[in-house]
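In structure tokens, the next block holds one chain alone, the form predicted on its own.
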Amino acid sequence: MSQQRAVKTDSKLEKILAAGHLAVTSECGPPRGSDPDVITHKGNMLKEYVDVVNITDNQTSMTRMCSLAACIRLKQLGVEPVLQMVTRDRNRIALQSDILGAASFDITNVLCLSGDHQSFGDCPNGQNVHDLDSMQLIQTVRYMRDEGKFLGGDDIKRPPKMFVGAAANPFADPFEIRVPRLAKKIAAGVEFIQTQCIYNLDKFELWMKQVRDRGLHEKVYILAGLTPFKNAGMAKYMRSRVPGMDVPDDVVKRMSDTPKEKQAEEGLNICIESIERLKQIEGVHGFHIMAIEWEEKVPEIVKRAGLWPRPEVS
């Protein structure tokens, strides 16, 4: 765990990380409709067991309730949200506008992403925007926060005070550019990283060694991503059909060799064993648990992994 660092925002996540605690984050996808009870239900399940909850931004390019509105719902519940923003759908005017909108509700965390290509979703003929890329979005949020200015140069009245995050995939090809790409995001101003789901722990350990060799673990908080398998079919699908995912054959075999009625339990066991191993890696500052449409299992994972109760910060 890290030594105590200076805190720049009112983010609960930043305060927990700066104090040297292992952070626990999770996420939920907004509904494909306007029913707020979906977010309320998930938020209440996660509330006491994680430090913050990410709200995804039209993940896999499927049209959903907007991330900002869902974040506001969480905020009203007393759950600290992380606003995910993708550059796929908005130009720099809209991005800055949404940042200000979030700041007006005192949303203090943002995750800057490019977004999945629209061909994966329900509007494959939709037009990409990508006026900015994810690194430029990181720079934009930091410029608005630290300089108190819009990209056009005008002053901002009450600048946003956001803890700035991004994603990293240690497993995408080519592997040799993964750490240099992280270094570029750090140079752009990112303060915390949530990684892709980790199943190949050996490869992740190699990535972290290269991160430490460049001293990057002292410049950014890295949260290791985990997604528990519900069954062997999910493991096989993620191995063969999800780009940038690395699921070793022995993990798929372990799930496949487990009787069908016990596969969900085995998926949780693998997740918890992974957390225990990841705790030992220097430079890992916490865990991002992405239980996809299985949020009710997050409390069990957090408790069994020895990550509960969560620390209090002020």
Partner chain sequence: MIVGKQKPLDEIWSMIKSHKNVLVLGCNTCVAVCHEGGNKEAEILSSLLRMRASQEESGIAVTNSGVERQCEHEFFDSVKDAIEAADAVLSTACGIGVQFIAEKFPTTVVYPGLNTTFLGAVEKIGVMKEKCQACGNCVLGETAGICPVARCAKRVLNGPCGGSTKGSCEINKEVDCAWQLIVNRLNALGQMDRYETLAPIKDWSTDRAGGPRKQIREEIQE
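Because the structure is a prediction, the values reported are computed rather than measured. Numbering follows the first chain given and starts at 1.
A second form of this protein, the form predicted together with the partner chain, is not displayed here; the remarks below concern that form.
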Under a 4.5 angstroms heavy atom criterion, identify the one residue in Gly244, Gly215, Gly233, Gly148 near the partner chain in the predicted bound form.
Gly244
Here the chain is shown alone; which of Lys203, Arg178, Lys161, Arg90 has a heavy atom within 4.5 Å of the partner chain in the predicted bound form?
Arg178
Is the partner chain close enough to Asp116, Asp131 and Ala187 in the predicted bound form that each of the three has a heavy atom within 4.5 Å of it?
yes
Please run the contact check for Gln136 against the partner chain in the predicted bound form: heavy atoms, 4.5 angstroms, yes or no?
yes
Asp122 near the partner chain in the predicted bound form, any heavy atom under 4.5 Å?
no
Touches the partner chain in the predicted bound form: Thr140 (any heavy atom, 4.5 Å):
yes
Is Asp155 a contact residue for the partner chain in the predicted bound form, using a 4.5 Å heavy atom cut-off?
no
The chain here is shown without the partner chain. Which stretch in 99-107, 179-187, 69-77, 204-212 comes within 4.5 angstroms of it in the predicted bound form, by heavy atom distance?
179-187
